[in-house]
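Only one chain is shown below, in C-alpha cells, and it's the form predicted alone.
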Amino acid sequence: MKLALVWVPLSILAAPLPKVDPPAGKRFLVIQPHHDDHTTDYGMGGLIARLTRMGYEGWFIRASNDEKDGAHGYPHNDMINLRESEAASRILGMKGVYSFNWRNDYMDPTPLLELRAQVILLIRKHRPDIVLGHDPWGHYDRNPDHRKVARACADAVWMAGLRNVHPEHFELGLEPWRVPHQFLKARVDYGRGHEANAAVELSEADVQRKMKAYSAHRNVYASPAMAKSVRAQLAAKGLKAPELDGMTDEQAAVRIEEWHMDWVSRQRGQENGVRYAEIYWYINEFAHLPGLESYIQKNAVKR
C-alpha cells in the first residue's frame, strides 16, 4: 500500500488567533536589544504605528550599541545605527530613544541585575500602560542579546511594581508602577517558532509607516548588493520587475524591502481573517489571576 503525502501550509491548518484591540491609554515603552528590533518583519512596527495613531506617547529603549551591525567598523556602526533608530522611531511617531549601550553580542556577561534596574527605572519614570518586547518564554531564539533583554524586561515589568525593589528611586520622586498590558514577539522562521495567542489588526497607513521605518535602517537593510543579485537572478530567467526600472540598486533595495514588509503584514492578516496584522503573545492586566480573567471573559458586558 502506498501512502500519499500531501503538504499543506500551516497557515491553512491553523485556526485564526483571537483579535486584540490595544486598550486605551497614554504611554508605552518598547524594550529591545537592537536598533532595528522595533521595526522587524515579525512584529512591532505596525502595532507601534497603531498606538501612536491612537494618541499614545511612545519611547524606544535600545539596550545594545549595535557595533557589529553593518560594514563600517564598530564605532561608526554604533553612531550610524543610533541615528537610524532615531529616524525609524520618528517615522513611527515615537518621542525618543534611550540607548543603554551594552556591547552588541557581548551581553551574556552583562549583569542581569544592572540591565533589569535600568528598565525598572524607566518603567517607573514613564509609567507605561503597555510594554512591548521579545517573548522570554518563546520556544527558541538563537540571538543571545534577544534572550538576555527579554529576560530582563520580563523581570523588570513585574518588579517595577514592588515597593521593596529599588527604594532609592523614591528619592527621585518615582513610585512603583505595575504595567497592565504586554505585547511580546518572537521569530517565526527558525527554532520551533512563535506561539502567539493574539492578532492585532493594522490599517494600510500603519503598514505604510512600518515599511518606511524598516527601510530607514540602511546600514543593515536595503543593500544595493541584494538588489543587484535579485535583478541578476531575474535576468537569468529572462524576467524583470518593471517597478524597479530606472531605480538605482539602492532605491531598488529599499523598494524590495518594502514589498517584503507589505507581504508579511498581509500574510499575518490572511491567516487571521483581516487584511493586515501582526501576531503577539499578549498578556493583559488580569493574566496573573487566571480565575478572574476567565470569569471576565465569560461574564463581562459593555456598560
Partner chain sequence: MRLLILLILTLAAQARTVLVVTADASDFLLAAGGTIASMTARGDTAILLRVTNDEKNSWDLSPDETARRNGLECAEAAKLLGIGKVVSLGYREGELGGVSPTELRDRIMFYIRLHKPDVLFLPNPHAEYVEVLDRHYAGLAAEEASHTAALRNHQPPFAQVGLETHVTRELYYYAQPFDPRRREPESTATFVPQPKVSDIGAMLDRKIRAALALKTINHAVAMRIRDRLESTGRRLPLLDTVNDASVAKLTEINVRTLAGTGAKGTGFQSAEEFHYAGPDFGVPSKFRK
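Computed from a predicted model, the values in this text were never measured in an experiment. Numbering follows the first chain given and starts at 1. By rigid core we mean the largest C-alpha set that fits within 1.5 Å across both forms.
Separately, the form predicted in complex with the partner chain exists; it is not shown, and the next lines address it.
Student: When the partner chain is placed as it is in the predicted complex, which of 208 to 216, 91 to 99, 133 to 141, 221 to 229 ends up with heavy atoms within 4.5 Å of it?
Tutor: That would be 133 to 141.
Student: Is there a heavy atom of residue 146 no more than 4.5 Å from a heavy atom of the partner chain in the predicted complex?
Tutor: Because no heavy atom of residue 146 falls inside 4.5 Å of the partner chain in the predicted complex, the answer is no.
Student: Using a 4.5 Å heavy atom cut-off, state whether residue 155 contacts the partner chain in the predicted complex.
Tutor: Contact with the partner chain, yes.
Student: Look up in the predicted complex whether residue 116 has a non-hydrogen atom within 4.5 angstroms of the partner chain, and give yes or no.
Tutor: Within the cut-off, so yes.
Student: Is there a non-hydrogen atom of residue 76 within 4.5 angstroms of a non-hydrogen atom of the partner chain in the predicted complex?
Tutor: Contact check for residue 76: no, nothing within 4.5 Å of the partner chain in the predicted complex.
Student: Is the partner chain close enough to 159, 165 and 194 in the predicted complex that each of the three has a heavy atom within 4.5 Å of it?
Tutor: Yes, the whole trio is in contact, each within 4.5 Å by some heavy atom.
Student: Sequence order please: the residues of 251 to 290 with a heavy atom within 4.5 Å of the partner chain in the predicted complex.
Tutor: 281, 285, 286, 287, 288, 289, 290, in sequence order.
Student: Superposing on the rigid core, does the Cα of residue 292 end up 2 Å or more away between this form and the one not shown?
Tutor: Yes: residue 292 shifts by at least 2 Å between this form and the one not shown.
Student: A 3 angstroms or greater change in CA distance between residue 297 and residue 159 is reported in the predicted complex. Closer or farther than in this form?
Tutor: Closer together, by at least 3 Å.
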